[in-house]
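Next up is one chain by itself, shown in structure tokens, the form predicted on its own.
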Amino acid sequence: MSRLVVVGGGVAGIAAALRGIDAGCAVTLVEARSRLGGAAGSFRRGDLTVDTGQHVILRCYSTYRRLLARLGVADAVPVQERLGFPVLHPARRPVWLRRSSVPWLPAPAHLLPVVLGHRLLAPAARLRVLGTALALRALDPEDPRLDGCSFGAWLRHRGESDRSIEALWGLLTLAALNAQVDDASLALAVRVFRTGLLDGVDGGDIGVPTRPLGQLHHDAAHRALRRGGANVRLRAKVSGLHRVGDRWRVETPDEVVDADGVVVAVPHAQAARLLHDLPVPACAQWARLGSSPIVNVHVVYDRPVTELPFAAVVGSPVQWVFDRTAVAGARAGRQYLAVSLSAADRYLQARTGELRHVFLPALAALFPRAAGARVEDFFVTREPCATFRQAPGTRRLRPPPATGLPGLALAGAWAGTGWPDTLEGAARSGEAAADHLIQHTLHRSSNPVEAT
């Protein structure tokens, strides 16, 4: 039986380890933290269970949704029957953006109600958005030339106004790519908009977790891995990785594990440090992928202030706001809102008091009942390296699973999947890395896994 070691217990590492189990390998997963899930986990604050970041999925996240099913928690992320969400403005009536309910209306015509009903845009701007959407659908996300251009530059070349960018294109780009449109790769934007909205009718339907991420990516994943026979080592930081003969040696402070194959499934900066002594092509260039932060502002009110489960926001410091009351287990009568701020460089170093001064009035402007409610808790979580910086020119920096070294593969949402840095990208990369080793290095079981 071949032995596979997976370094890193985030979503990519979990997906790789399960793939190895299915191929009949003896799997050891090594994770430096005390929990699985990587950046998509939870922690306790008083009586609340707080997610480290707000994640949503789309129906087109086929690999990640299959992973949830494998873990037995697919029901924890229900996907809405059809795309629909409100867009709030502090001085305007809310606008609901919903795709068509007509079952026979093909893509992209199913988005006509979304665009034509977007009252925050002038009628002429809505018609221009339709033309831009059709032009996006004609672009190939695999065309390497697209990665040399910013999405914002392309939108402006198409004649999109600053208003349209703020109220629609930028709103969605922030959520999907953790980047402003002018800082986002056109290739990745095409991937997001085509796969999620333009190529199929239901790909953009939204799913929001109804349980804490820790229950999905730690509790359920740990059970599934152990049930499959994997050896899960937590609080075990890998300090060395060496090729010894035709095998690999993985070193932690407490033990040395020998393996036929290794999947390195950690963030790009950690991967570069771990592999810097090995002849891995372009390893030194991974630092140029950079990082983009997400800041989350958490507010607990003494009473409900909105009935909306989540909403997008324009004309305000708030970008997206989520009702986390039930998921976090907040006490009866309270409401816990989380504001998710993508590409949040301007807020990363701000003090909590400064953010309180900005966001409490901003929330009150959106939800009038918040103005009369008592704030029982206000805190901020910061993810300085939430994603790599998904800018023009990053495609050539993202490595494939193969490293050129027998038995060593790379995984992570930063790797070269063609997808943005999302849960779907992480799951795809983990499976691709394990499949590469299964095909080229590890002995196949009698019932090998088919690559997807």
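Each residue number is its position in the shown sequence, starting from 1. No experiment lies behind these values; they were computed from the predicted model shown.
Note that the form predicted together with a small molecule isn't included here; everything after this is about it.
Shown without its partner, this chain lists R65, R395, R389, H55 as candidates; in the predicted bound form, only H55 has a non-hydrogen atom within 4.5 angstroms of the small molecule. Contact between P267 and the small molecule in the predicted bound form is found at the 4.5 Å heavy atom cutoff. A residue is said to contact a partner when one of its heavy atoms sits within 4.5 Å of a partner heavy atom; A32 meets this definition for the small molecule in the predicted bound form.
Under a 4.5 angstroms non-hydrogen atom cutoff, the small molecule in the predicted bound form lacks P401 among its neighbouring residues. For the chain shown alone, K237 is a contact residue for the small molecule in the predicted bound form, at least one non-hydrogen atom being within 4.5 angstroms. Only one segment in the set 42 to 50, 401 to 409, 65 to 73, 379 to 387 has any non-hydrogen atom within 4.5 angstroms of the small molecule in the predicted bound form, and it is 379 to 387. Taken together, the three residues G152, L168 and G170 lack any non-hydrogen atom within 4.5 angstroms of the small molecule in the predicted bound form.
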